[in-house]
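A lone chain, given as structure tokens: the form predicted alone.
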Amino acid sequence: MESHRKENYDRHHHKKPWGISLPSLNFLDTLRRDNRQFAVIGLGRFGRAVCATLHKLGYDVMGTDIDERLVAQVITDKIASTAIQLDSTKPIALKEAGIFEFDTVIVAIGNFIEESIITTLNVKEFGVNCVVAKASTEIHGKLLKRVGADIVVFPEYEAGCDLAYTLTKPAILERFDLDEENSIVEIRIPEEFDNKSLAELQIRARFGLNVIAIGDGDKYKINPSPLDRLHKNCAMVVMGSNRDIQRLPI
């Protein structure tokens, strides 16, 4: 939506209205550390990706969808512990499938708003501890929050933003927004920083940024020494204001 893009055309100056917030992260911290059971409702591209990743990581995952073909494909591809066909807008179907007994339920029905909202309401009302719901618009996300979703995600929007940054700021490898004004970013070390020490570069004095790690992408040194040298084929992780990050020669 154009209004959303206007609000977010530059995440360095505007609050990001979509995505996982810090309160949501705090909620995740309260979940039991032995949480190993997940149910994914909706087996489109997003739901399949969630199932496959959780299953690969060794978690117990049940996939469900109203479309029997999608369920059969998940079973064939062996990307979930089990998969069944059901109508998630019917509480009795969810109960019979044992969905309410799972630690976490991911509602991945993003493109069917009514079904998404009803499903989220169902699983939350029947006591599921953590409900994560996919939203397709900001209004959809607000409605999901109203009916009890603990976490709302906007995968298409986030993917679009990430692509835009990849195309326009290819030196930024990863980014985590702390708030509307500050971020932690992993960037490729600029050529002009090559073979210079942190003491020589004076990054904090010149740019107002803290270098919290340096490395080659696979292994990082946390809290590097001022004597550590940077190399152009490596990366560094910096923390500071978005405006200051923009001033880096990247």
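Owing to the predicted nature of the structure, the values given are computational and were not obtained by experimental measurement. In this text, residue numbers run from 1 along the sequence as written.
Unshown form predicted in complex with a small molecule; subsequent notes refer to it.
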remark   = Contact with the small molecule in the predicted complex, heavy atom within 4.5 Å, among F176, F126, F112, Y165 goes to F112
remark   = Checked E158, E180, D87, E101 for heavy atoms within 4.5 Å of the small molecule in the predicted complex; positive is D87
task = Please run the contact check for I66 against the small molecule in the predicted complex: heavy atoms, 4.5 angstroms, yes or no?
result = yes
request  = Determine whether any heavy atom of F207 comes within 4.5 Å of a heavy atom of the small molecule in the predicted complex, and answer yes or no.
outcome  = no
task = Could you confirm whether L43 comes within 4.5 Å of the small molecule in the predicted complex, counting heavy atoms only?
result = yes
query = Using 4.5 Å between non-hydrogen atoms, is L70 touching the small molecule in the predicted complex?
reply = yes
key: Location of the small molecule contact in the predicted complex, chosen stretch of 75-83, 141-149, 167-175, 102-110 [non-hydrogen atom, 4.5 Å]   = 102-110
